[in-house]
Ligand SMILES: Nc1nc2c(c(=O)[nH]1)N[C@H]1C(S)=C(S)[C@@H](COP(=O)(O)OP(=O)(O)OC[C@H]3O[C@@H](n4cnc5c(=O)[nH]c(N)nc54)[C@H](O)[C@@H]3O)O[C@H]1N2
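Next up: a single chain in structure tokens, the form predicted alone.
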Amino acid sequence: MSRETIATPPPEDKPPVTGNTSSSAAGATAIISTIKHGISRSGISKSISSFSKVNKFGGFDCPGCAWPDPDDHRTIAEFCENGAKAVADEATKKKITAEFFTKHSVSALTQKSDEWLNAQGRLTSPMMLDEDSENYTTISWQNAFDLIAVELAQLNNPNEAIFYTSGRTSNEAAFLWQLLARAFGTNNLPDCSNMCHESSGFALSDSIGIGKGTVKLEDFNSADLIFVVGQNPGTNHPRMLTALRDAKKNGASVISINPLIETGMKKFKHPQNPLEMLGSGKSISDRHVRININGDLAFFRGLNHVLIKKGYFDQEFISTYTSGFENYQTSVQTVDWNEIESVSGISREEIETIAEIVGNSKSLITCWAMGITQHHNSVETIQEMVNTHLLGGHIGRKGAGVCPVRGHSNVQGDRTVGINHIASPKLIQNILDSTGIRTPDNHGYDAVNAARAMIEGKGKVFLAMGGNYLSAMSDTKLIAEAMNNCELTVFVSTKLNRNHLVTGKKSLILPCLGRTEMDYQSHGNQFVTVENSMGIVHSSEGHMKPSSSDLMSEPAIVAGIASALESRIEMSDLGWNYLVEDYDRIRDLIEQTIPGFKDYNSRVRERSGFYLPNSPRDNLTFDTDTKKANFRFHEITSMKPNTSEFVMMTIRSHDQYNTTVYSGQDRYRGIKSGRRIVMINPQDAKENNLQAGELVDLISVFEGEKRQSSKWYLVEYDIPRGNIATYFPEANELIPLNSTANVSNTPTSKSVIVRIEKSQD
């Protein structure tokens, strides 16, 4: 290929404007921001129409996070500021037509910022980038499907194809997508779970027999203690603050465990409560534990040691429902407090104080997000947190349980309906029984191994059902090389992103309907279904006129590819187009294939949908190797930077959602403009002869390989010494592809050792 493209956003030409961090989350500023985004992107009438339907009964599911809605009611505005941004962004009046791509070459577009790319509007028609061409050109849907089918059919074996999935994909589309991959003959089904909560799935499945949380939203009202670990609800899951506020009103204590004191964990002004809006806000966290990056395993080990030493454990629960306690008790009987304090950054005295609080708790909930799941020892850390719950019997009872908080609005549902590179024998048999498709019994590629395969020339066709794999993954420049090695890349998308510009020899952009839009098939307007973080499956029905008459739904796109492929290779005759005529037919097939979906079509039409079975929560049974909940012991491991090195974590700004950047603002952290920033402790800056506003380069060295990212601005910030924070996805190029979590193979985006050098130009 002759195209010269840039895989990362270009450097910024001026330092950020910084100010004081916010004292409270939400409030009037959130309302103003919501109105501003709605009017500027979609206009007054369209904003009112879309906001009135988001997360409502009979409306559409917010395309933002997966925090659940109340079971029995909906408020006037059942969404948050960031959800409003996502809705307004999808409902934008701006459109990208063929003329746009005639005007802008692919190489020129890579020189633009991610914010600029997203702001150009909705994709409106299928586009093709031919080999050695600099510009996308129009292509018909049928020709696009035929091109995909030709490229797939001429592969040497099915495992040269990779079927990636974003967590925003509906259950119906995701189910068809994994059937297509398996009918073609591969389990190469990487998805965004591989990059975020895969560690939760592996850890929980082994410890308690299910890779999901065990609480319902109503449990927050009955908890007396809530841990929020490695999570920033104010930016990433703002509606969670309402649950935490209500828990506080009911007497719960909230302890935040995080390197940064995030605004959302200080105070919260509920936008729908006038008294809170006028006041200083409701306090959320009773205690902030300023832990070192990746110090959580050491912290919880010290905590559990104290709980056992002081007899704060439920012997009856342990004897009845758990396995491995005696070995675990012996292993943690003695701990090295110097190691625990050094690694965690927390004093023995503070850990003992918190252990006293935990020991007296009757109902503990522990929430966590990617601040826990993206380290080399994430699985071990999560299992240590589960041990805390098993010690006190905080599983399967009211107000207690574990609560991994997912990001994408249906990332949990995608996995439930079969998006998994590891096909279990049960799933293989169920698919065969319901569809006649013979699923391969070998493991497919996850997100990291998919990149390795493409780099090595073993992955030649990359198809993405949503998402921005290039920017979301670690080691961005290496991922770009992987993309460039492909014969064909295909992106099913609503908006333009950088991965559309860093492609294979040939590339297709297939524009799809968004959540807000009507999905009209031959049997009438359709709805789809999604699953939230707490296992509720419910409907989502768009009400807006589609942005373009040339858009197709995700299920229809899958059917189009499958139908074109069926005419070229021998494949199970599933009647793809028949299924898409009426999505009830897809749901009937899901019911026949996936456990827990009995009477799917009738139950999902109930106002709040239905809960999927969750045996630890529902009846204290555990589908593990021992048929009990397992205590698991792991040695404490940690990052060990040398002098003048730092442990870096990547974080999101307040004005972004995953890889989608709305602006350079990070209101809660006091960053007024700029994204290429390094948050550093003022004392660390002084000792290393660095100054705020100075341009620096970041260098990571892993297994002898050096990665350098240039031209970052230093910002002095309240962060524990030896730790720095940078924005995702800009800093992803510093995270080595081979630096992954044990067992889950998740990229270590929250812990990589770097050094800081002054920029020379």
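All values derive from a computational prediction rather than experimental measurement. For every residue, the number given is its place in the sequence shown, counted from 1.
Not pictured, yet referred to below: the form predicted together with the ligand.
Only one of 388, 608, 638, 660 comes within 4.5 Å of the ligand in the predicted bound form through a heavy atom, and that residue is 660. Note on the partner interface in the predicted bound form: the residue among 186, 420, 294, 214 having a heavy atom within 4.5 angstroms of the ligand is 294.
In short, of 342-350, 680-688, 125-133, 189-197 it is 189-197 that has heavy atoms within 4.5 Å of the ligand in the predicted bound form. Against the ligand in the predicted bound form, the set 393, 624 and 630 makes no contact: no member has a heavy atom within 4.5 Å. Taking the partner from elsewhere, residue 176 is found to have every heavy atom lying beyond 4.5 Å of the ligand in the predicted bound form.
A residue is said to contact a partner when one of its heavy atoms sits within 4.5 Å of a partner heavy atom; residue 230 meets this definition for the ligand in the predicted bound form.
Residue contact with the ligand in the predicted bound form: residue 401 places no heavy atom within 4.5 Å of it. Interface membership of residue 60, defined by any non-hydrogen atom within 4.5 Å of the ligand in the predicted bound form, is ruled out. The partner is not shown here, but in the predicted bound form the stretch 547-567 reaches within 4.5 angstroms of the ligand through a heavy atom at 554 alone.
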